[in-house]
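In the block that follows, a single chain appears as structure tokens, in the form predicted on its own.
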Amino acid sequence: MKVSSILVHVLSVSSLKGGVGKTTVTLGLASASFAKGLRTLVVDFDPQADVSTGMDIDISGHQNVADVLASPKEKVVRSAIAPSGWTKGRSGKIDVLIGSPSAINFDPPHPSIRDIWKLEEALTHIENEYDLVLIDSAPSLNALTRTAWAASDRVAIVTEPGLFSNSAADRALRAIEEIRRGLSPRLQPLGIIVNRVKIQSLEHQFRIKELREMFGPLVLNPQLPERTSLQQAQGAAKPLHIWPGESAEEMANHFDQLLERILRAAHLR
């Protein structure tokens, strides 16, 4: 197994609590990466496969992530990757390793070491072709998340301002450290992305303050306000950066800033 990723930076976007907008954040980062001109691969590792839908993937004639996990050979990996519909009429390279509900069959609570390294093995076949790989991981700490993290350089934890979400962020950071010590020494947390912030909410401001007291500089700026433009762009299967309106422009700028943080961590800037 490779010790460090030199030619491509791999980031898992994760949450151990569902419903915090993890996939929406993945799509926002993918849009920022595409807008910046980075050669980008998005790995749809969540069995809900919403990233594949949100990136306008034509799955006909392709295999998918479940096939890759069954056999991470180059031919299978290439067959499971499709160009995003975002590229229609636009220059740039942004592809998706297609998701599938069948990925749940590869998500036992106690995976073997061999299984944990399968995505890492798969990515070695195509890593020279991309600058950034974003993995939309499953919202649990079973095999799929551990497999995603073993293939990653950094993990971004998505949370929202709430008591239970803060606890989930703490569990995720502890789990990252466990994987780093036991399996993948290169793995580090990128930080915590706070999503769906209601700026006027005193409860949200209190929870963000609590997060900062718990995790300090791991709480990333900017926090992402709750905006319908994100859901609208996602529902239309379009990149956020081309969606009209001031709200979309504001959110695109936020994701640009988060992408810059990712690139600094990857020494790509």
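All residue numbers are counted from 1 along the displayed sequence. Keep in mind that what you see is a predicted model, and the values were worked out from it rather than measured.
Only in words, not in the display: the form predicted together with a small molecule, which the text now covers.
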>> Looking at 238, 227, 39, 207 here, can you tell me which has any non-hydrogen atom within 4.5 angstroms of the small molecule in the predicted complex?
In response: 227
>> Just to be sure I understand the contacts: of 100, 124, 195, 166, which is the one whose heavy atoms reach within 4.5 angstroms of the small molecule in the predicted complex?
In response: 195
>> Is residue 24 near the small molecule? Define near as a heavy atom within 4.5 Å, in the predicted complex.
In response: yes
> Does at least one non-hydrogen atom of residue 17 fall within 4.5 angstroms of the small molecule in the predicted complex?
Replying inline: yes
> How about residue 231: is it within 4.5 Å of the small molecule in the predicted complex, going by heavy atoms?
Replying inline: yes
>> Is it the case that residue 48, even though its partner is missing from this view, gets within 4.5 Å of the small molecule in the predicted complex, heavy atoms only?
In response: yes
>> So if I measure heavy atom distances to the small molecule in the predicted complex, which of the stretches 219 to 227, 199 to 207, 29 to 37, 58 to 66 falls within 4.5 Å?
In response: 219 to 227
